[in-house]
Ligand SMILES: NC(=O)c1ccc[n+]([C@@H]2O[C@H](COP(=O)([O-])OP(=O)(O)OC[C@H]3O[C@@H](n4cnc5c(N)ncnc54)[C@H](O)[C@@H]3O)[C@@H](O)[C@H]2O)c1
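A single chain, nothing else alongside it, follows as structure tokens in the form predicted alone.
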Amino acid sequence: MKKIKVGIIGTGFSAEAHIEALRRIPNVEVAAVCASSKPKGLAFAEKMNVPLAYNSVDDLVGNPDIQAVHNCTPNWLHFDMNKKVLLAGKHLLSEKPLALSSEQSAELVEIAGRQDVVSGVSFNYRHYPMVSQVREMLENGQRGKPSLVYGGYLQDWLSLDTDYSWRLEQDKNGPSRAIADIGSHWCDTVQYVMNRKITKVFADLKTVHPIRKKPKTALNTFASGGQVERENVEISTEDYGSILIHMEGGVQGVFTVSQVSAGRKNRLFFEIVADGATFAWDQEKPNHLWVGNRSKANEEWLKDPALLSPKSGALAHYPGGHQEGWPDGLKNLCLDFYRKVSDRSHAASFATLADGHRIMRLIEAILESHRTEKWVSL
């Protein structure tokens, strides 16, 4: 089978992660990268052993051999580049957010609907074996109907007022930060697991550090500034948020996001309460699933393809006791995406552009709720 040739836009953490994931799946070749300058592109291509380097998205999508593009650029570039990829008739896998506003994301959904391409958004937490297992256990109804959900997504990489990133700047990251950057992942994961959409929100947000000490020289995301010259800058996007939610089917819940919780590195977690059980999963312990029971001993499921349901077991690529985690979830996303590229009849589970657009609407509803101190419906 002829390999699908892929182009990667971006040179940061996401770009490297996508390249590594693609090299772990069959019939896909990373053929080109695109950077903001020719020297940067050449250096990244040499580092990652990729044959071609561009400093123009137009040149990348103009290469007839490139069939698919992964957009791994900073947020403010997503809309324009996603639009160019789609209009060029290339398959698109975009990092989230899909755009900086729901108006932009709606336009991308409309364009994708006119093109004969596969397109998706990189909400990778859907693709963990134990997350899939919860979805299947809820679908079969043996544990009853869900009624409540709660959890959150906690990090600490912005916990100090000396922590700084382009993600703190509205013109680059959009009007929301903690909700858009990590709350979007929690919402997509829970909506997928429960097969229900969030329909109503009530939000309380907080900027813990309204003044931050910005380094006068640029730093990469998640990097420590150390002893550098700094200047005070005002911050308007949220460090924290708690959001009450209503979902389809009468489910209610709440989630909390924070990028200032010392010691919490990347803790996406949820608990789903059904009539006969509670399901709890934590991304920092991804191979464990806790199932709480009322009238018998609680259960702890461990990632083992021999013990999971067939569909969820297929997402576990190593035997029980062999730990899998974040890179493997991204690998599963890429596997799912390129199966769809190769076979349009494949029942894919990755987030579509329509899913990404709804997340944009959800982010805007949360901001409106915080501003008005009222419930907002989608």
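Numbering starts at 1 and runs along the sequence shown. Since the structure is predicted, the reported quantities are computational estimates derived from the model, not experimental observations.
Just so it is clear, the following notes concern the form predicted together with this ligand, a form of the same protein that is not shown.
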TODO: Please state whether every one of the three residues Q170, K206 and G241 places a non-hydrogen atom within 4.5 angstroms of this ligand in the predicted bound form.
DONE: no
- [ ] Using a 4.5 Å heavy atom cut-off, indicate which stretch of 101-109, 288-296, 142-150, 77-85 touches this ligand in the predicted bound form.
- [x] 77-85
Open item on the list: Just checking whether Q259 would be counted as a contact of this ligand in the predicted bound form - the rule being heavy atoms within 4.5 angstroms.
Closed with: no
TODO: Consider T73 of the chain shown here, and say whether it contacts this ligand in the predicted bound form, taking contact as heavy atoms within 4.5 Å.
DONE: yes
Open item on the list: Check S36 for me: does it contact this ligand in the predicted bound form (non-hydrogen atoms, 4.5 angstroms)?
Closed with: yes
TODO: Report yes if any heavy atom of S14 sits within 4.5 Å of a heavy atom of this ligand in the predicted bound form; otherwise report no.
DONE: yes
TODO: Could you work out which of G120, P97, P129, G174 is the residue within 4.5 angstroms of this ligand in the predicted bound form, going by heavy atoms?
DONE: P97
TODO: Determine the residues of 181-200 with a heavy atom within 4.5 Å of this ligand in the predicted bound form and present them in sequence order; the list may be empty.
DONE: D181, H185
